[in-house]
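To begin, one chain is listed below as structure tokens, in the form predicted on its own.
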């Protein structure tokens, strides 16, 4: 457990954060200038601040104590990769490994061979740092941070500046790392899709303070309904598991809250594979009764969580509970009124088009 209660003042900005972070990936989200990078640098001991930072039973700062950055055991991946250009990839990894604290074999140690294999760096070891693509350089920077045997991993917008193809290339590697490590990970991002794929919990900073925190699904749903809003990608996310395959129609069946979503696939996926299902709020139709004789095949029973006006005139956002997950439907005022929709009402969500990402197949 990482316990944070700190304050920092700059010429035109104040940071005042009280927060507890457990093992696993936690997203730090919010507009530019909200204090995300400043918070990471304070935790790493790279910027001065007042207050207390405690990791487990160890006080990093506070109560008259101050632990130097090199003794905190923090792995930090900056927005710029900060690789040593005079060294090749292997040399950069050697540097991190040599400076890592001594760790008993089997005592949570992250082995070099495993990291190189997980991040697919074997064929790059002899390559000069200056000859790497953007995605390759980010993977090397991540490997270097992991080889330092961190107790806390800080990722400051590791996909910033990458084109969509490079982002798609590195996301699976990030997912493997965040799922495998049993340490706190703070992941800074402006992109809701990244956060939804990588982080179970989410903290929103606004003007240097914690504005919202909770499960990623709940926070993203709340932000979509907030008229002040943030710049989100605006897609819904449902997580489910493969439960079958219809050979005749080439349909993969996904269990979500006890019901089935379907998507077309030429070959079956192994049962129990976890997948992420994405779809636009405009592709969610609401019915007050379970419909019959429709071409739409994905129909999920739901409960209306809340109804709020969107920024566009004439549009309302209806948030729906699907089991313990939240999605949003975008409807007209007229549709909401004619169906007499209200919070707590049981309805059926018809999802017209679903895009499915298969994490275990990447």
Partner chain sequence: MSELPAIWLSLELALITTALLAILATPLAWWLAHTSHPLRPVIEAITALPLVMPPTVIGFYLLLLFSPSNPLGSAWLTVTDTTLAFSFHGLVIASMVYSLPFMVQPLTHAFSQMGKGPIEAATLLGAGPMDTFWNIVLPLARGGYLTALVLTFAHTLGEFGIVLMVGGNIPGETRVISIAIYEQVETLNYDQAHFLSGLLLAFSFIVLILVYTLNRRSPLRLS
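Numbering follows the first chain given and starts at 1. These figures come from a predicted structure and were not determined experimentally.
The form predicted in complex with the partner chain is left out here; the points below concern that form.
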property: Residue 96: touches the partner chain in the predicted complex, heavy atom cutoff 4.5 angstroms; result: yes
property: Residue 84: touches the partner chain in the predicted complex, heavy atom cutoff 4.5 angstroms; result: yes
property: 4.5 angstroms heavy atom contact with the partner chain in the predicted complex for residue 78; result: yes
property: Contact flag, residue 305 vs the partner chain in the predicted complex, heavy atom cut 4.5 Å; result: no
property: All of 7, 49 and 54 with a heavy atom within 4.5 Å of the partner chain in the predicted complex; result: no
property: One stretch from 294 to 302, 37 to 45, 314 to 322, 59 to 67 that, in the predicted complex, holds residues within 4.5 Å of the partner chain by heavy atom; result: 37 to 45
property: Of 115, 277, 162, 148, the one that lies within 4.5 Å of the partner chain in the predicted complex (heavy atoms); result: 148
property: The partner chain: the contacting residue among 171, 204, 132, 74 in the predicted complex [heavy atom, 4.5 Å]; result: 74
